[in-house]
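The same protein chain appears twice below, in two forms, each given on its own as structure tokens and labelled structure 1 and structure 2.
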Structure 1
Amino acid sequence: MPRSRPPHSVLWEVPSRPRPTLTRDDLVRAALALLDEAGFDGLTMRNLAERLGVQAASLYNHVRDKREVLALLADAIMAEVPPPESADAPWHDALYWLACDYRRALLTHRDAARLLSETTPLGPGPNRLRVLDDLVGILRGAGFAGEAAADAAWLCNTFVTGFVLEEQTQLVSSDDAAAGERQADVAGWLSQLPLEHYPNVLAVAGPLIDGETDRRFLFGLNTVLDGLELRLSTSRG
């Protein structure tokens, strides 16, 4: 007796492909892309799960909570800060370039400074610890020791992170046209101020308004470095 044919749907059924296994590296890459796209406030576990095509609960097979995701992201960003090029460079120069590279890495990713300010540099993560170790190593090589080296490292880290935090806050929802309009509004407002009440503000109104961030960053960085150099020479004297 001939066998009956199976239903048409069975003949054309395509076997489903197994879903690729999610790894922690996949999670971090997706989280970094989500941060760049949606910013810090858009970096939620739900949005991250949707981006990866998984249920939110499955993320907890790889991380304990959102705080660990933030720590892993901070470490991934700090991996973009290169190590000092030469151990023989003068400490002032080495610290200058480390700070510039640090700022550049933060500016590469949306809200990166806010992310780092929400996490601790002493948490898990080899890249962030490596940058901190490089920073402290430069300061110790210059002659700072113990508490002074720790406080100088804190100062340098806080200056760069805080500067970029302010810098990135100003960039949120802004474009060249909007920035130009704001500058024009501020200039118009300043022009109406009575000179007898605000002579010092009006004397530097132009540089106050233009806010060129590279100029201000380098001014602040060199002021920090000059202050550290002065403190070092004073302690030796």
Structure 2
Amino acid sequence: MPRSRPPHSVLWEVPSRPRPTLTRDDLVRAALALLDEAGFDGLTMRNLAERLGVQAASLYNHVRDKREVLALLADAIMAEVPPPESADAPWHDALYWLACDYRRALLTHRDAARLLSETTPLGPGPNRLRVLDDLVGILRGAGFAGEAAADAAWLCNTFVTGFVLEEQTQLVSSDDAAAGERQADVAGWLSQLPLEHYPNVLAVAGPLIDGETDRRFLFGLNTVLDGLELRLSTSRG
């Protein structure tokens, strides 16, 4: 009885494919490039298909609907948030760096925070859950447990995503070099309005609308970290 190969062995077929037939991974990669170029509003099933050299209807062979594309995309971006370097760093520092890395990953891709806000936080992909796990891990290591660990993680996550959301949509109407122009626009608009009715905004108008988002982010992050630290020490003692 000769042990011949079956006529269409999978071992033979795999390398003989003429074109490797559009991968789900190609789709996500193309979608990410399209997002960076065209923004969230330009991220269209039809545009995505064109970039892949295919008709829009074909995409539905690889993906259930647009929501799934967005979910895969969100997870791909979250994959770029590095895990904490060492598990034995002080929790204060670890949380600080994770928040900064988190923000940095979102800022790397246009409208990333808006994408996150429009997709369900619990993926199909593993990375959104993984970042959340890193967050909870640091907080549990710090001494938070149960509800406190969950609520503290939620707070950190909300702060980072919420901050970057405003940070990125601030630039929404600045297509080209309109960034500086818009800054001037806002300043002009502010100084023209009946600002005497808004004395407090007027008093701090400069730092309120300037472009120093790093300073603003660090103020917020450090305030949150201090609040958490206080909560930890008072529940212990």
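Predicted model, so just to flag it, every value in this text is computed and none were measured. Rigid core here is just the name for the largest C-alpha set that superposes within 1.5 Å across the two forms. Every residue number counts along structure 1's sequence, beginning with 1.
Colleague: Decide which single structure shows the form predicted on its own, answering 1 or 2.
Modeller: Note: form predicted on its own is structure 1; the other is not.
Colleague: By the 2 angstroms cut-off, has the C-alpha of Val54 moved between structure 1 and structure 2 once the rigid core is superposed?
Modeller: No, the C-alpha position differs by under 2 Å between structure 1 and structure 2.
Colleague: If you line up the core, how far does the Cα of Asn200 move between structure 1 and structure 2, in Å?
Modeller: Superposing on the rigid core gives a C-alpha shift of 4.6 Å for Asn200.
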